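Only one chain is shown below, in structure tokens, and it's the form predicted on its own.
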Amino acid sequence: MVRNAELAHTTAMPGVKQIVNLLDDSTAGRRHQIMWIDGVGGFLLCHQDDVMIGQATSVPTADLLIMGDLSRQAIAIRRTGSDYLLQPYQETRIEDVKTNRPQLLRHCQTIAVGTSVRLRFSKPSPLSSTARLDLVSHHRWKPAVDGVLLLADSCIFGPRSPSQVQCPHWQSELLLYKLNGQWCFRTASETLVDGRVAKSPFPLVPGMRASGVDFSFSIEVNS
């Protein structure tokens, strides 16, 4: 288990903010929003700029939980502007290079934590600062989802690259973005939200169900 002194350690890097003890503002044990996209999968929507990643335990001590052999607080990721900075708290390798200090993450890098947990970090769109985390080892997220979206300004769901979530059978894109402090969806096609016609943009509401000509999704709140 990581010691408090280690968690409180700060390391300066040019052009980025210092890492602080992210457990001070941790949302461990919070209720998560999950976007279930029919025919595509489930994605945890992570709204905060600082996240702690660690082992799934009966008493959570991290924001993002993995069912695997790693510390209860294994690594932290901070978003500052369009950049993402990783702070390791246990043995960590980025692209098979061991690191024990903060590192800027780049698109399509593989992060190995502990002896067996492997994650892929991706930030596919130059038009959006939202990044995605996927488990590429045999482990699972808790709750069980296909990936985690580290939401920034917007997130693209659509049939083509560079969408954060590719939906091959869709004809057009669905955009999730912030409008006056509220997360909203925008799409070019007519959309039903909870059985009623919704004018685009329409707000993200926990428990909602939305469908269009070629897509459907729901927002679940999972504790």
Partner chain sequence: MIQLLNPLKLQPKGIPASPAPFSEQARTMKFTYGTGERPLAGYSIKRGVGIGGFGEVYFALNDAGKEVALKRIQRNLDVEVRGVRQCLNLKHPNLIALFDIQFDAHEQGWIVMEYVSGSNLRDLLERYPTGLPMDQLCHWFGQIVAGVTYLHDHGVVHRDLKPANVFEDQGIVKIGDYGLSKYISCSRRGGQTESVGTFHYMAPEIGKGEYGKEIDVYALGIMLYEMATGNVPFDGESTQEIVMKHLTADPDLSRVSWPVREVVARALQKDPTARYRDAREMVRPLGLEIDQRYMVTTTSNSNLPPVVSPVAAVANGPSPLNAAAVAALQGNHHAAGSEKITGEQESLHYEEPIAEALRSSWTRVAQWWREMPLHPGSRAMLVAIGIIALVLKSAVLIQIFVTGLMIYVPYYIVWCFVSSSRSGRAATPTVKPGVHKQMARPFVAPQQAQVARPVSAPVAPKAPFKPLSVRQWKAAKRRQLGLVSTTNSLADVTGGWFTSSIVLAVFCSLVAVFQIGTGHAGQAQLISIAWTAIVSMICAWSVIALGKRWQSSEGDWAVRSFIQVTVGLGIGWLAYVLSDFLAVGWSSSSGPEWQSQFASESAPTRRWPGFFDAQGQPLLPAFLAYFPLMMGLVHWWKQVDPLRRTQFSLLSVIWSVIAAWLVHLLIPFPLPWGAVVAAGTSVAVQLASPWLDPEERHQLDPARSIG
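Since we're looking at a predicted model, the values are computed, not measured. Positions refer to the first chain, counted from 1.
Missing here is the form predicted together with the partner chain; even so, the following discussion is about that form.
Please state whether all three residues W36, G42 and V213 have a non-hydrogen atom within 4.5 angstroms of the partner chain in the predicted bound form.
All three within 4.5 Å in the predicted bound form.
With the partner chain left out here, work out from 121 to 129, 96 to 104, 75 to 83, 139 to 147 which stretch has heavy atoms within 4.5 Å of it in the predicted bound form.
That would be 139 to 147.
Considering non-hydrogen atoms and a 4.5 Å limit, does the partner chain approach H169 in the predicted bound form?
Heavy-atom contact with the partner chain at 4.5 Å: present for H169.
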